[in-house]
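Here you get one chain, nothing else, as structure tokens; it is the form predicted on its own.
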Amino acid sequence: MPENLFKVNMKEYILPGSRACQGCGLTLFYRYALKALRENTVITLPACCLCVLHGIYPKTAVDIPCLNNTFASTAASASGIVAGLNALNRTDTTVVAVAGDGSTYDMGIQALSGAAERGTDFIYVCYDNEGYMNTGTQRSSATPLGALTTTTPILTKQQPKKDFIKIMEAHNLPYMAAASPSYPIDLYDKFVKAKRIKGTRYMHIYVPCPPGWMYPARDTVRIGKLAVETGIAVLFEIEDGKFRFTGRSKTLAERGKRLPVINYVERQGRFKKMNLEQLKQFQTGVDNKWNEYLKMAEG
């Protein structure tokens, strides 16, 4: 049973009237993450969908201190905040860097890798909506094979999604986890744990995006659940090098009954130009990664 199922923080840190899109998966993730992180938390973020959610100065929909930074410098900004707080002996404040996949997989990888290698004491969160959604649904290296974006309008994306989680594994972090806003208690538990741990912690959040993925806003939670049910998004923790499945992914690993990826693909307009060969490659890639995780879970 999840550790915090019956003691979720009831305080709301996202106020009514944010500028996020209807059905935004980011809003769901952020709501429960902030509940877990609570007070004495500072957020730093780049120009992204979350920046839009926060709002325009001097008004904001979020009741947590926040610093805006440039696209590529989120981890560098977090490192600077940590250094400043240490100089003030403010060791009780949790620094959290939150960025999308474009700012993480692509432009911000250098600063993040450097901070992770140094073991700088902050939580880095990548909310992965598989594209540059805030600037018009352009392709990122997190965009999956066969997906339609505004910069792949004819042939779709021809390359598979970058395995960024494996890149972060190579940094030997004290804690990293993957979660989905469609499973909020699993997500909440992981942020509670991450707040207690020191060093660089990496959180990967799989965030459905209605306009970018081309599905009805009411289906966000369902799309997120299908991602997990098919094994495209895997719920897990790696703590001190030890891998374990969590939540629904743990049940699927024990029972071995994942859904075919077609159940996920067919509900999104971004895959409408995916051909049969790409679908087969997509399924094979998901199966191979799932088997890799099964081996890791066995130790």
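One-based numbering along the sequence shown. Everything numeric here is computed off the predicted structure, so don't read it as measured data.
The next section is about a form of this same protein that is not shown, the form predicted together with a small molecule.
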query: is_contact(residue 134, the small molecule) in the predicted complex, heavy atom dist at most 4.5 Å; finding: yes
query: Proximity of residue 173 to the small molecule in the predicted complex, heavy atoms at 4.5 Å; finding: no
query: Close approach of residue 48 to the small molecule in the predicted complex, 4.5 Å, heavy atom; finding: yes
query: Contact flag, residue 122 vs the small molecule in the predicted complex, heavy atom cut 4.5 Å; finding: no
query: Per-stretch contact check against the small molecule in the predicted complex, the hit in 196 to 204, 223 to 231, 158 to 166, 125 to 133 (non-hydrogen atom, 4.5 angstroms); finding: 125 to 133
query: Heavy atom within 4.5 Å of the small molecule in the predicted complex - residue from 107, 192, 85, 214; finding: 107
